[in-house]
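Coming up is one lone chain in structure tokens, specifically the form predicted alone.
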Amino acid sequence: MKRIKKILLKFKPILYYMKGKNLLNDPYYIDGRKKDKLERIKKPIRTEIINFILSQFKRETCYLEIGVRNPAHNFNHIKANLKYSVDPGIEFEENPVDFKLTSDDFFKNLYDNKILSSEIKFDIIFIDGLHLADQVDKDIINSMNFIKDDGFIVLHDCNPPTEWHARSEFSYVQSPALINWNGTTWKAFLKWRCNSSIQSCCIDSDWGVGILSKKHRIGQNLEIKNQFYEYKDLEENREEYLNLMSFDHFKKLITNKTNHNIA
């Protein structure tokens, strides 16, 4: 029987059928697809979360979005008095943004007073650019210099449902994650979760909406001994590491009168 099977597998159509069948019936693959589908239907999406935060400010608001791609997906729906968009246009050819730059070049020009003003401060900076930890960390560092004291830095893709979603290479799509990619954004977010001067949380929706604040009591910092941030550790300590919470709970935190009301 084994000899016959070995001979049959030499024929490509039979080999492809058997390999495909084995993959699609693999428990790990099935579990990954299930988690992917569950994540895609979670609500609210980032737009609603950002607009809720903006609505809490009792003043004219200023918003910056890093990594726009198609503005129709988020940027065009943001309700701020002033808003600016940054994207080099790699993923969306039309690229109708304010600054057709990488985030590094945008911030460099901002520091040098070549665009806008080096004195500008934003109420919310939304980071959704290159989903690699090193770049996200740089974007956070730069954003900290241009966020108001009571403002928020918001990050997309902080809660990858599987290790396949957290891969560092976008183009590899032959996995349970298919084309969905959160990258290693979560590692940069977790690094800032360990910063004693920052409060932080992650809303359990839309691939994980991470929020950083200098002022608002949304989550105390962590003390993590393993600074390599292995995905296995995230999987085992997800709620604690990310300070994972529902949107309703987050809303209560920033509208609570004891939580330094937004002016």
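Note that the structure is a prediction, hence the values are computed from the model and not measured. Sequential numbering from 1, following the sequence displayed.
The form predicted in complex with a small molecule is left out here; the points below concern that form.
Here the chain stands by itself, but in the predicted bound form one stretch of 184-192, 102-110, 159-167, 143-151, 102-110, has heavy atoms within 4.5 Å of the small molecule. Contact with the small molecule in the predicted bound form, defined as a heavy atom within 4.5 Å, holds for exactly one of 53, 212, 66, 209, namely 66. For the options 175, 180, 85, 74, the residue carrying a heavy atom within 4.5 angstroms of the small molecule in the predicted bound form is 74. Looking at residue 120, you'd find every heavy atom of it more than 4.5 angstroms from the small molecule in the predicted bound form. Taking the partner from the other structure, the small molecule in the predicted bound form has a heavy atom within 4.5 Å of a heavy atom of residue 89. Heavy atoms of residue 130 reach within 4.5 Å of the small molecule in the predicted bound form, making it an interface residue. The closest non-hydrogen atom of residue 216 lies beyond 4.5 Å of the small molecule in the predicted bound form.
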